[in-house]
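Quick setup: one chain, the form predicted alone, written in C-alpha cells, and binding and motion questions come after.
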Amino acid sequence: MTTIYSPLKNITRIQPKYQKALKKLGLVTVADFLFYFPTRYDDFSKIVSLSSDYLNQNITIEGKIIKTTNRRIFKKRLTLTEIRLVDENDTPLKAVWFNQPFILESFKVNTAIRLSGKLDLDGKIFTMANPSFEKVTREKTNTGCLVPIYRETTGITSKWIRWQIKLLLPYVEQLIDPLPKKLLKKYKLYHLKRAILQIHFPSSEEKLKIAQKRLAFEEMLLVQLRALQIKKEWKNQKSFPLKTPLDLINTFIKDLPFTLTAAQKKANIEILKDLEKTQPMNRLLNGDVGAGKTVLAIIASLQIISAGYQVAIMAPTEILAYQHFENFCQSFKNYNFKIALLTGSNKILNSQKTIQKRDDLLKKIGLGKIDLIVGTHALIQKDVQFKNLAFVVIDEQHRFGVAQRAELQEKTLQLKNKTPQTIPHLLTMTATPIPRTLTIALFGSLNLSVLDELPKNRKPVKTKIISPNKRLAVYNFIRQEINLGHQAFIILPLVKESQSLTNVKAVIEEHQRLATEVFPEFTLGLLHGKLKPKEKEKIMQNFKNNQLQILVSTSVIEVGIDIPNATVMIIENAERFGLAQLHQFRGRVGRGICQSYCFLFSKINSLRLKALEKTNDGFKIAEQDLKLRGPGQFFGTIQSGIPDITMENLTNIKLIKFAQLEATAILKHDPFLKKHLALKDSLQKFSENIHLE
C-alpha cells in the first residue's frame, strides 16, 4: 500500500529515468514531492476574449481549433508547429511553437482548448508564441490560473512536475498537522492539508498568501524552537572558566598603536566575561568593514594562551588565513607563543615563518606544543587533533557552507580534551552587517556583539558613480595617487570574457589592456579565484610590500584583505554586484590615515548605487540591500541552508516575533515536547536538514 512516506519508485507512472532526475532535486518520497514548493507563479488567471486591449499582456483565451500544421524550415533547421483557433466571438488567433512537433498530437480540429501567454499582433492576426496549453475542462493546471513554476533539472519540466503533484494531492489527507489547534485558531492559519493544496494550485492570490503565511509561520516556529534548544544545549555544556588577567590585558591594550573605540571596548568586555563562565561562549561579533573585529579575537586569545590553553582561528580563504597568521605573529611578537598556519596547500608555517612537515606540525598540535593554530577548513580534517583547545574563532562565518560550520561545531563538541565534558568557547565573526530582522530570526541561539563604530582616525571613503565617458579622468586620478606613493584596486565581475555577457568586463583581458595601454609605467598584479594558493599568496604579499602599484582582481579580495596604503578602488560593472558586496569591496580602501576613494563604473546610475554615494554605514546599506534584493540573495540561500519560504519571510518582523513568542511558551511548559509529538517529529526532521548557529 502506497503512503505519503512511500518511495517514488512505488508510483508506477514515475519511471526510473525520472526517479534519477528527481533524486538530484532531493525528491525521493511522495512527501518530498508534496513539500516541493513553487519558486514563483505565472499569473494566467485573466481569461478574456481576444482584443487589442490585451496586447503585450499575459492572458488566457479559450477557443476551438480550426486548423493544425507542422512545417520544417530546413535553412534554419527548425520545425514550426502552428494552430489556428477562434474564440467565442469567432476572432482568429495563430499560436506557434518552435521545435516541438510532438505537441501536434495534443491538438485535434474542433477541440476546445485553453492557451496562456503573451498576446501579440502579426498584421491583423492575433498571435501567441510558445503558449501554455490544455484542453478546456473544469480543472485548470497549466492555464487560466496562477500557474506554479518549480525549480527544474535536466529532463524534468515544471509542467511535468505540476502533472505529478496534481495526481499525488490525495495523499495530503494522510498529513498530521504539527501545529497545535490553538495556534491555528489564534493566528487564523490554514490547516497543513489546505495550505499544501493552495501552495501548489492556489484558488486566488489571496488564498496563496494565506497558505504561504501558514507555512512560513511553521518553518519560523521550527527555526525558533531549534535556536532555543541549541542555546539550552550550550548552557548545559561545560567549558573552561578563565579568570581575566587584567594587568596583562590592560598592558596589551595600552601598547596598541591605536585606541579602542567605545563599541570595541563594550564588545571586549562582553567576550572576556563570557570566557570567565563555566558555560561555553557562543557569540557572534557583527561588525562593519574595518571596525576592528580581529583585535578583539587577539585580546581574547591572549587570555586563553596565558592560561595554558590552545586557540584555533578558522578563515574561509588561504589569503585571509595567511593575513591572520601574520597579524597574530606581529601582535604576539613580544610573547613566547607558538603560532602555526595550517591550510590545504603544502606550505605549513610556524611562528618563525619556517616550513614544517604536516605530520610534524599535527603531532605538535596534538601534544599541546602549538598555542595558536590559524587555518582554513583544513582545521576540521579528521587528522587534526588538539590537546587542550579552549577557544575557536570562525572568521567570516557566513562564507563557510552549512556543512562546514556544522562539522566544526560538532568537532568542537567532541574534541579530546583533558576533561571530555568540556568544550571550547566559540566566537564567530562577520564583516557583513546583518540587519536587525535577520539577527532576531536566525541568531537566537547566539549572544550578539555589534561593532557599529569605525576607528577615529579613519576618514570615510568618498564614493562616486562614474559614467564610461569619464573613465580617462579617473585613470589620471589613479596615476596621481600612485605618484604620491599610494596603491589602487580595480575590481571586475568575470575571470574571462563571456559570449553571453558581451558588455561585462573580464579580469584577465582587462589586466592585459591596463598594463599595456593605460598604465605601462606601473607594475600591475592579477588576482582571481582560479589561481593556485601559492600564486595568490605571492601576489598579495607583493601588493602589500608595494611591489605592485595596482591590483586587478575579481571578488576574491572581497573579504578581509588589509592594505592600508591602498587609497583608490575602481569597480567595473558595479550594477552586477549587490550593495552589501560593493560595501565589502569599498572596505578594502580607507584603512590607513589618508583620504580614500571608490569609483563605481556603471552605465546605470541607479538609486541602488546612489545609496553607496550617500553613506558609509554598512548597517544602513545592508538594510537597503535586504529591501531591494530580498533575503535570499542578501544572505545566500544555498550557503545558509535556510528553507525557501522562511527565507522569503525573513523581513516579516511580526511573524518572527510571534514565532519566537510561541516557541518560548511551548518549551517553557513542555521542554521535551512530550505533549506536542507531531511538532517534535517535524522538529527532528527539520534539525536533520537545517543547521543553525
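Bear in mind that the values here come from a model prediction, so they are computed numbers and not experimental data. The numbering used is simple: start at 1 and walk along the sequence shown.
A second form of this protein, the form predicted in complex with a small molecule, is not displayed here; the remarks below concern that form.
Checked against the small molecule in the predicted bound form, the candidates 338, 283, 226, 591 yield a single residue with a heavy atom inside 4.5 Å, and that residue is 591.
Of the listed positions (213, 114, 458, 505), a single one reaches within 4.5 angstroms of the small molecule by any non-hydrogen atom in the predicted bound form, namely 458.
Shown alone here, residue 371 lies farther than 4.5 Å from the small molecule in the predicted bound form, counting heavy atoms only. The small molecule is not shown here, and in the predicted bound form it never comes within 4.5 Å of any heavy atom of residue 172. Contact check for residue 586: no non-hydrogen atom falls within 4.5 Å of the small molecule in the predicted bound form. The small molecule in the predicted bound form comes within 4.5 Å of no heavy atom belonging to residue 310. Only one segment in the set 362-370, 514-522, 152-160, 286-294 has residues whose heavy atoms sit within 4.5 Å of the small molecule in the predicted bound form; it is 286-294.
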